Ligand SMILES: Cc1cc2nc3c(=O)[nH]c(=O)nc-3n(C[C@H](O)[C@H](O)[C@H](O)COP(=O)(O)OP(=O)(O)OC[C@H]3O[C@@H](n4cnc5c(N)ncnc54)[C@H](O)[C@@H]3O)c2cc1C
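A single chain, nothing else alongside it, follows as structure tokens in the form predicted on its own.
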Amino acid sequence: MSSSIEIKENVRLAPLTTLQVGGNAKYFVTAENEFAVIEALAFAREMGLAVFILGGGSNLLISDSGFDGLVVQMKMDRSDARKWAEEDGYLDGSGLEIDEPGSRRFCVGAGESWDDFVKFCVENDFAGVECLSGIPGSVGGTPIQNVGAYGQEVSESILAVRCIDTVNLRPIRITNVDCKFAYRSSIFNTSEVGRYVVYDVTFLLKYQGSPKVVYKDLIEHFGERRPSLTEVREAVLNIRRSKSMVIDADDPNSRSAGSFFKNPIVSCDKLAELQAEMGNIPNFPFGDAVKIPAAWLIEKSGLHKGFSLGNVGISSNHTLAIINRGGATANDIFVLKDEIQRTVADKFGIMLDPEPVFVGF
């Protein structure tokens, strides 16, 4: 076994997550490049260990018993390759390829801070990810769940994802089409769960492109005025801060995993059935079906902002966020998750699907 990776034992995982709960990892490796990932996976295979890939820790719930296997923390960072050359208006460096007039490719390491990358793009006038400002976590996690917010999804800008195939321990490049992106999903969290380890993502962004303003709050905020990318980013950050959805050590409501539930997609017949019984229900077209806001369902089922069960609760600023009020365990959070799902199902006949990844349960 190569000694180029350091394998630690019995490492605490709670401090590496935004919920600040969870047990220890039996083994732990920090990977700064794809070769370290391959070595770590080879070690796990030799030892017969399960593997969990850890990014920014913002969208997961780790059990109190921890993870009885190998945790690989992704630390790939290619940000030093991205330089702005004002004299010619091009980006220069190995992290960038010129694609076509007005667009650029950015190869971004899985371990890079997502919001740092968004900030860089906005500051340098590249459109395509501005509405995704303030989302915690790292870049490698964004294609897995097709992260989206305020009317924009990463799948709109992803050109390809480079991964290690855990079957043959070789690199593979997966195109946008082959990722099979859908609402909060991709092959990485559906048909091919656990097969691929993302080590970098290539984005195609538009230089001096117009920001995307389709979300209701943004439309109302800007009215008829056409905002800049910077103005859209600031508006999104302000909205997220008002909902405690930007990580802030001074804000206890931000000690969460973000939105804990997906907006359910139901048939038009199901919607008509519910409206016949309960009156108007907010909804948005989604192909041949409709999407109902999960936050509305939770509120209308009687579980309001600020609701608590011991050391856990619903954020007082955002109905979709389950928060650690201090001293919570993973089991406490799981109990509240179950209570919310049961209450909504009893009221509306709709089962809410969680967004976070559950580890060690």
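In case it trips you up, residue 1 is the first one in the sequence shown, and so on. Keep in mind it's a predicted model, so treat the numbers as computed, not measured.
Form predicted in complex with the named molecule: not shown, discussed below.
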query	finding
Contact residue in the predicted bound form, from I333, I314, I298, L60 (heavy atom within 4.5 Å of the named molecule)	L60
Answer option from C179, A149, L218, L204, heavy atom within 4.5 Å of the named molecule in the predicted bound form	A149
Heavy atom contact within 4.5 Å of the named molecule in the predicted bound form, the stretch among 253-261, 221-229, 284-292, 167-175	253-261
Non-hydrogen atom contact R184 with the named molecule in the predicted bound form at 4.5 angstroms	yes
Any non-hydrogen atom of F52 within 4.5 angstroms of the named molecule in the predicted bound form	yes
I5 within 4.5 Å of the named molecule in the predicted bound form, heavy atoms	no
Contact label in the predicted bound form: S138 to the named molecule, heavy atom within 4.5 Å	yes
Residues of stretch 326-361 in contact with the named molecule in the predicted bound form (4.5 Å, non-hydrogen atom)	E355, V357
